[in-house]
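First, one chain by itself: the form predicted on its own, in structure tokens.
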């Protein structure tokens, strides 16, 4: 357990390093933070903090920088959240004031707003199809027996897919299938529909071809769509000026499946969650931190949004921003779900 003196010094080191990206020395802490302690006393405390794993130093003559453990203690015990300004809140609300009636537009807009206000990279994981409610389906005949399937959920999520069939289906037959699906399955959870179709395929019936077609329509790859805003922002921070390091980080951000998996693991968390460095349990982004929150539709958790940036992240502001955006997106999507349903 840290005493009050060491807590104040750790807070000063973390805050100063976040704002300057320069290793912090004892004289800097003594001059800037009015702790009424001598540089020698501060230096001894910093040495103790390093020995305990809260601080480290890049090389022998340099000042100290926080470790993941130091950042974690700061976020959990020392940080004071910086509320968004009234101007920032008005700006966010204005972004959603014009009518947006497609969920992909909302996801894209949200990732850009998160990036713009944080100066890091905004991420939004679209609602999980498994947890979505089926609203209706559209089928369009294409060439060579192919069919364009347009699946629309109760939240407004649209999933397009090309279906291959063994033979060309007449428009009348396609219309019958479409009416059957929309009449019988509307407002059912997609997961339940998939299970029902799977059960029907186990039974040999004259309608087997229809069930096989429906199985293709309601089967997807299981990876939710991930929206990224401001990827280039991360490369503007001084710790990523090294070409090899920046290339590695940028490649990691391009791997949407990897990022989606990391985000998915935070979906069941309540409130805002902060993952620092190695806490992401992903080697490719161990030099980054991730701040996330779940957004909801009618109170039901459906997706995750957040911000990814350097471990030297302005956590006090980012936590408030992510929290506010999650509540705003939840409100927008809930309103959209009410207008989508018939």
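Numbering follows the first chain given and starts at 1. Note that this is a predicted model, so its numbers are computed, not measured.
Just so it is clear, the following notes concern the form predicted in complex with the DNA, a form of the same protein that is not shown.
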| property | result |
| --- | --- |
| The unique member of 69, 296, 43, 286 whose heavy atoms fall within 4.5 Å of the DNA in the model of the complex | 43 |
| 57, 317, 278, 300 - the one with a heavy atom within 4.5 Å of the DNA in the model of the complex | 57 |
| 226, 260 and 273 all contacting the DNA in the model of the complex, non-hydrogen atom within 4.5 Å | no |
| Any non-hydrogen atom of residue 63 within 4.5 angstroms of the DNA in the model of the complex | yes |
| Proximity of residue 34 to the DNA in the model of the complex, heavy atoms at 4.5 Å | no |
| The DNA contact in the model of the complex: residue 26, any heavy atom under 4.5 Å | yes |
| Contact flag, residue 5 vs the DNA in the model of the complex, heavy atom cut 4.5 Å | yes |
